[in-house]
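Before any questions on binding or motion, here is one chain by itself as structure tokens, the form predicted alone.
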């Protein structure tokens, strides 16, 4: 059981310790509420840098922070590691894999998952980057395939091992493609001298007519230019329709031999047991009012990727990015503290993406940047956004070392241990 002690204060149960969940819990520390923060992991994960873990640029611990450490000095916040199974709206209770819990207020901040648009084969055989576990799995596979490639004599078989296809031209796809291209340029010639790096092809497939479609036209053009400078093969107005584990098939019939497809083409939200059909919007996002309360509910709130705040100027909902989640969490914290407030209004602070060393694009409300200045700004924003002084310091040191040496020392294949049946227990 979850074993939550009784309290004289109202209980706020927060599901999810992403940007929204941990921000809300922080804002409610030492307030007159009992806050229960529930997540399937015991740590917060900094999602924008998953791709750097996958490319051996950062250790997982550098972009993670233990939840219990974050709230060590906070008496009113309780941490439980569990998975939400269903919601009993009429009873004000939730069911988890560790038991049930009563709530006075429920906050859903679960986030989104990868959207494969109904293609089950791609879902089963491609890689995604929605957790540190997936990032480590991808890192292991990339390094393992490079190890196999230096022993493979057949050219076609070797291409399957070393060529990589990334699907999706948003920030994740662009940043990942740039990072892999830099590995090809700076790391592979030193680590794999037997391998002809000119054989390594990196494909970035985008269904639309430009990269970074959520950013400005100038940012898209600059990103495309930087990718081409790094040797990435950019395929616009094309879609991946199939992947059998050895080759990718495009909608125009073209095929690419590869064992690795990284899917970064979209996100969706999982449906929750106990949520009514009329409470869902597009992509399974939950419809909330201007105070982030789930429609047709009395005490359920939704934050971040999972929420869709509809108004006359924003029928599709806000972007599913960290800044929206953080601002919504701050708004809801003020609402809980004061009981009333102005309707939620998202303030767009801008967007950014890095394509590699000294190459980035930044769209701010008042001006736009690209190149080295944008890259430095990207570094500063991401370091400041990390939780924990040690994490900020470690990431800064890693980035400085990588920049000065054109190298990183984290290229270690870590395979899960499994005890054989013949081993003594």
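Residue numbers count along the first chain shown, from 1. These numbers come from a predicted model, not from an experiment.
From this point on, the text means the form predicted in complex with a small molecule, which you will not see here.
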Name the residue from 262, 325, 308, 181 that puts a heavy atom within 4.5 Å of the small molecule in the model of the complex. 325
Which of these residues, 398, 31, 64, 47, gets a heavy atom within 4.5 Å of the small molecule in the model of the complex? 47
For the small molecule, considered in the model of the complex: do all three of 60, 139 and 408 come within 4.5 Å of it, counting heavy atoms only? no
Just one of 296-304, 279-287, 232-240, 215-223 has residues with a heavy atom within 4.5 Å of the small molecule in the model of the complex, so point it out. 296-304
Just to confirm, residue 83 within 4.5 Å of the small molecule in the model of the complex by heavy atoms? yes
Contact with the small molecule in the model of the complex for residue 358, defined as at least one heavy atom pair within 4.5 Å: yes or no? no
Determine whether any heavy atom of residue 130 comes within 4.5 Å of a heavy atom of the small molecule in the model of the complex, and answer yes or no. yes
Verify the contact flag for residue 25: yes if a non-hydrogen atom of it lies within 4.5 Å of a non-hydrogen atom of the small molecule in the model of the complex, no if not. no
